[in-house]
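Just one chain follows, in the form predicted alone, and it is written as structure tokens.
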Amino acid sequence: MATAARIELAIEGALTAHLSEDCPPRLAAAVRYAVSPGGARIRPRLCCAVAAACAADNPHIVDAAAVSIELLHCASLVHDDLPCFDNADLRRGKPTVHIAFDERLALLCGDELIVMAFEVLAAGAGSSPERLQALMRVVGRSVGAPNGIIAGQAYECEPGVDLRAYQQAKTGALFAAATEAGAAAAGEPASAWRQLGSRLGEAYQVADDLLDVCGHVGDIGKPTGQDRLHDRPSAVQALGFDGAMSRLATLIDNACESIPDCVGREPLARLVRAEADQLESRLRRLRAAA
């Protein structure tokens, strides 16, 4: 089965298992709305790619890790869009959860997705206690303080912040979790894969900063100009457009160089570069059209 279809099937299985008929109907609807249809599913795809590079022998554990990462990502989007943060009205080309439902349900929806992520992980990897323990450490660290996505969101509440620290926590944490979780799901040491995820996460954040400047709602599915509007740290603000593009290319090179030795090292590096080439081409095209 193709990776994308496999991820969607695993996500649907998790939603079906956890959103039973006993669940408050509007909460269940809000959770489904936040998760489906998804975006590019970059993080779970990365998790699966690393697991494949490590010759993973248990697809159920890999799927649980990938779904857990994606549910946490969706939770972060729901909370990020709330009026107390970005007050965004569009996400993935449709009204944000607090617009489609209400602010109270959006808050609870994000909370439910976080809890569900750990339940999915425990259920899917419970047959291998050692791997589950490693995965819980990896995923838990990616969410909480001092360097997880909660810390990344909290940096927006500070009067001043180092750009790299902010981006590593807000975006890099889940990318690092994706690569580490892929390795841990395959029974390999997770820490060796952290650099790859961190660098890819920083690259993705730089690309997101660039899209915020040169993209438009119809193309990226969410409002643009948000960094300037909310006075948030931005690679474009710090380096300029060309400087940010150069930084993006450097991060991709560094990411590929950081891939540990494994049976699938070369195919994984080719996959990363192919994805990066598509992204860079899209950014140049949008910049030219702006």
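In this text, all values refer to a predicted model and were calculated from it rather than measured experimentally. Numbers for residues come from their place in the sequence shown, where the first is 1.
Unshown form predicted together with another copy of the chain; subsequent notes refer to it.
- Stretch-level contact analysis of 184 to 192, 201 to 209, 151 to 159, 171 to 179 against another copy of the chain in the model of the complex, using heavy atoms and a 4.5 Å limit, identifies 151 to 159.
- Although the partner is absent here, Arg91 sits far enough away that none of its heavy atoms falls within 4.5 Å of another copy of the chain in the model of the complex.
- Although the partner is absent here, Gln133 lies within 4.5 Å of another copy of the chain in the model of the complex, judged by heavy atoms.
- Remark: Cys23 counts among the residues lining another copy of the chain in the model of the complex, judged by a heavy atom distance of 4.5 Å or less.
- In the model of the complex, another copy of the chain sits beyond 4.5 Å of every heavy atom of Asn87.
- Along 98 to 115, a non-hydrogen atom within 4.5 Å of another copy of the chain in the model of the complex is carried by Glu103, Arg104, Leu105, Leu107, Leu108, Asp111, Glu112, Ile114, Val115, in order along the sequence.
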